[in-house]
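Shown below, as structure tokens, is a lone chain in the form predicted on its own; questions about how it binds or moves come after it.
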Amino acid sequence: MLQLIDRARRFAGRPAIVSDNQSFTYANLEHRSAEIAADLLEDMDDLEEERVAFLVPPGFLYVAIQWGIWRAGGIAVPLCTKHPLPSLQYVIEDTEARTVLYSPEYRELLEPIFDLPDTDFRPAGQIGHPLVNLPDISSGRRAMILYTSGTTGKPKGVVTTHANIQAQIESLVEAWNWSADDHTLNILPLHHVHGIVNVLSCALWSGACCEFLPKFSEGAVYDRFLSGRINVFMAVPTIYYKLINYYDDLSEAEQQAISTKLHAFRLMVSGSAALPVSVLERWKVISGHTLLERYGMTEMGMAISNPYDGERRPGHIGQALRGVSARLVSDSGEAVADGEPGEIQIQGANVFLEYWDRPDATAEAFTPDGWFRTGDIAMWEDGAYRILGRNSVDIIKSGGYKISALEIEEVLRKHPVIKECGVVGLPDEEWGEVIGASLIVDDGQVDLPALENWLRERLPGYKLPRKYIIQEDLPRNVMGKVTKQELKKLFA
């Protein structure tokens, strides 16, 4: 997003990124991204929206590559570092990425697809080129493709323009009072809007510093908190749950030291899944902060947020951000009265351009008058939106991820002994929901450890079922459709 890079010049000497035990300034970031852009351009004047995928760990190189792609006129396609090869290959092929940049630790993973036609796999650390004149990029150009969870089959690529990303950043910088004095610890995945926009891009837009850990652990997070440098932190409910459990096992002196530092924080945010009231209340005792919950999705960034100053109520997501219009409508498309449930629909410069190469899906995502259909149900209650849940029972929210039951079922059905299956989300205090799978198998038997190993080769870890039941048949209605609410009861 080119305005983001232009702003970096005013903060040239300030620390922008801390990663791998090194501190990098905005000038370092601007210079390295220009080298990468020059290398990507080779003999061209402009990538003209060529897709460039990249698989690198969070840190300085990740940001330099992202900016370099944008500065060369390309579309950035960040790949998930925890996805198995089939998931990565799907994104690379679906976007028709011309180039895939990777860091050394992912070479062995990607090697089996190095022979993909018309795709150049290149070690990320070796790219760089004498500086050249870079193209002028209009704000309406496509900037990034992030992939959905695949709620209705295969994941869809969400295309955002430079203007979309700028609108998402500006609304949050204003709403959450970001400034150059902020220092945030970013532990969120960088193939997801939460980590890319809410934390990384908002920090860099503001002249703040964004720090990364080599590897997540509760102890490492608390060590950084104890440094006294961090004053902004954002995470999913599962992370707060883990931090609470770790804190509760510490000595009283260690707890006191941590709580003293946490009380000095400026802002703490929770999102990507519903925050259990028990977690909110316990974290407030530990930190002195009522976590700020917000609402958004890949297709629009953040659209609704609890206030920075003002009451934050459990289960409520607050009000629409500046520049964003929100409404609640019935199934028939009519506005609902206050206190009545309706689908959240959004309009604004933050809303994505299109689903990559899926014009029919793009058209279905919008109403005839141009509002984006979120598929989430809420009520307007005492001046704030209260989320009631997803319209479809096939969406499982676990550890900050929205997971498609249909995608997991499709993979399970490919196993040689599984005849049929049904996947549902089961309530869990730590994860929000865990995945349960009901299996119909040959001879009524399946080696579950072997099945789990088989699944790990085909699905990322957060999409693996945690609970299984073996049945002779699935509960169905008269139309033959599996009744998943009944299926959930069987796990109890």
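Residue numbers here begin at 1 and follow the sequence given. This one's a predicted model, so the numbers in the text were calculated from it and none came from an experiment.
The following text describes the form predicted in complex with a small molecule, which does not appear among the structures shown.
Trainee: Residue 193 near the small molecule in the model of the complex, any heavy atom under 4.5 Å?
Mentor: Residue 193: yes, in contact with the small molecule in the model of the complex.
Trainee: Spell out, yes or no, whether the shortest heavy atom distance between residue 31 and the small molecule in the model of the complex is within 4.5 Å.
Mentor: The answer is no: residue 31 has no heavy atom within 4.5 Å of the small molecule.
Trainee: Is there a heavy atom of residue 71 lying 4.5 Å or less from a heavy atom of the small molecule in the model of the complex?
Mentor: Contact check for residue 71: no, nothing within 4.5 Å of the small molecule in the model of the complex.
Trainee: Could you tell me if residue 414 has a non-hydrogen atom within 4.5 Å of the small molecule in the model of the complex?
Mentor: Outside the cut-off, so no.
Trainee: Looking at 63-71, 48-56, 428-436, 443-451, which one sits within 4.5 Å of the small molecule in the model of the complex if you count heavy atoms only?
Mentor: Contact criterion met by 428-436 only.
Trainee: Taking the small molecule in the model of the complex as the reference, which of 207, 399, 422, 157 has a non-hydrogen atom within 4.5 Å?
Mentor: Going through each option in turn, the one that passes is 399.
Trainee: Just to be sure I understand the contacts: of 302, 202, 232, 165, which is the one whose heavy atoms reach within 4.5 angstroms of the small molecule in the model of the complex?
Mentor: It is 302 that has a heavy atom within 4.5 Å of the partner.
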